[in-house]
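Here we start with a single chain on its own, the form predicted on its own, put down as structure tokens.
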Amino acid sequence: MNAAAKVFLDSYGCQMNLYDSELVCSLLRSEDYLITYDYREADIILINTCSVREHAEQRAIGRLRSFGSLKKNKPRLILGVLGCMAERLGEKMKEVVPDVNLVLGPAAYRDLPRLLDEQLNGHNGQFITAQSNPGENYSGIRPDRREGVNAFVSIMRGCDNFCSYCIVPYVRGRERSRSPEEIISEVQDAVKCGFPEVTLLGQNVNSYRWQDVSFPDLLGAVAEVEGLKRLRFVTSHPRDLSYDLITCMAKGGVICPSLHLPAQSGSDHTLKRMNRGYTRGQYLEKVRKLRDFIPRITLTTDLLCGFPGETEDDFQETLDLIREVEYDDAFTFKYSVREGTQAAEMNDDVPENVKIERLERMIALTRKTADSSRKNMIGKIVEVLIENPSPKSALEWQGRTACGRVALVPGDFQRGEIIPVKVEEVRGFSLWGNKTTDN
């Protein structure tokens, strides 16, 4: 018995981690645990971690150590680590943060209620790690979603790509898809619960496959769900971006004209060492097809600098790619070694100061192209899905266009409304405009 123990869950990392946290909350509530949003009243503190970048791990470790210090005044507090870092470090987690009691990777969450029961009933203070289930896709579990406008729905787990720098296949396992029936049912539930927008999740959604159902087939079927207003998906591996998917997106409807297409580098030399499976020319050809079929599409990307063996010429090719594609936004990173990956065996020969300098140049250029893209929207009318009150003004609401751009709108609205807005200016990274009745 858990005696209505209170659990505080803190989540770091990608959308999949947020979705996994919702699954964990659902599992715990089903066993009568109480979820609290105040760590000070918690009997159990769980941190859902990310391991993709060294910086993400260091943030989580700092948070864990901070929570561990609470045990001085609350010795029966249980501290657990979930997610990718938990899978990567396993029993070593105890050496990094001695106050940790429990470690579970992303494919072991079904065991969490039982393990917490053990901790609460006479085993408090023991250190426990859970065995991951390589075939786990959490079939039959509905996530416990908080209020909002966008519901994440996982369509698959794991990754088979083994990019040389990436830890994901090692901590999340190999690809396994969920059935289209279960995915569509979960989308229907989300819409009934008031979510107008759904984002389909996978490490590489383009490789989704269930029997003879491909990702374009699934996307088209989900788009038919009654009441759904907007449909997005992440992430697409450029190698697997198909003509069928492009034509499916081009049909419009609720499928949003935006795509996250991680390039990582603009250099064929670097792409080959990264084991990305495509060339710069192949990537650009797919960008051209996307813009031919979907002229108003917005493209975002991931970019990595300072990879082993990257020369200044290689880096210049990445900058040239940014100029040619003119991304609407980019997540930019400098390379950090991930133990256990293929790249960890390479000579990390780009000096740290060079990595930092290249990252700064990459950020400056992506911001310049993104700013130009936003300014091109001035004078146009866009549909904005209202999400939340603006964090900067009590007189404005914040939302997103179908293309994914953030927009600020003065007035009094309801979360989930879709309103026409005439863009009048750009403020920082956001569009700003007033609701309009113009067509």
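Just count from 1 along the sequence shown to find any residue number. Just so you know, these numbers come straight off a predicted model, no measurement behind them.
Heads up, the form predicted in complex with a small molecule isn't pictured, but that's what we're talking about next.
Contact with the small molecule, judged by heavy atoms within 4.5 Å in the predicted complex, is confined among 184 to 192, 312 to 320, 132 to 140, 298 to 306 to 298 to 306. Only one of 327, 335, 109, 208 lies close to the small molecule in the predicted complex, with a heavy atom inside 4.5 Å, and it is 335. For the options 29, 59, 65, 53, the one in contact with the small molecule in the predicted complex, meaning a heavy atom within 4.5 Å, is 53. In the predicted complex, the small molecule stays beyond 4.5 Å of every heavy atom belonging to residue 214. Remark: residue 264 counts among the residues lining the small molecule in the predicted complex, judged by a heavy atom distance of 4.5 Å or less. Using a 4.5 angstroms limit between non-hydrogen atoms, residue 178 is distant from the small molecule in the predicted complex.
At least one heavy atom of residue 203 is located within 4.5 Å of the small molecule in the predicted complex.
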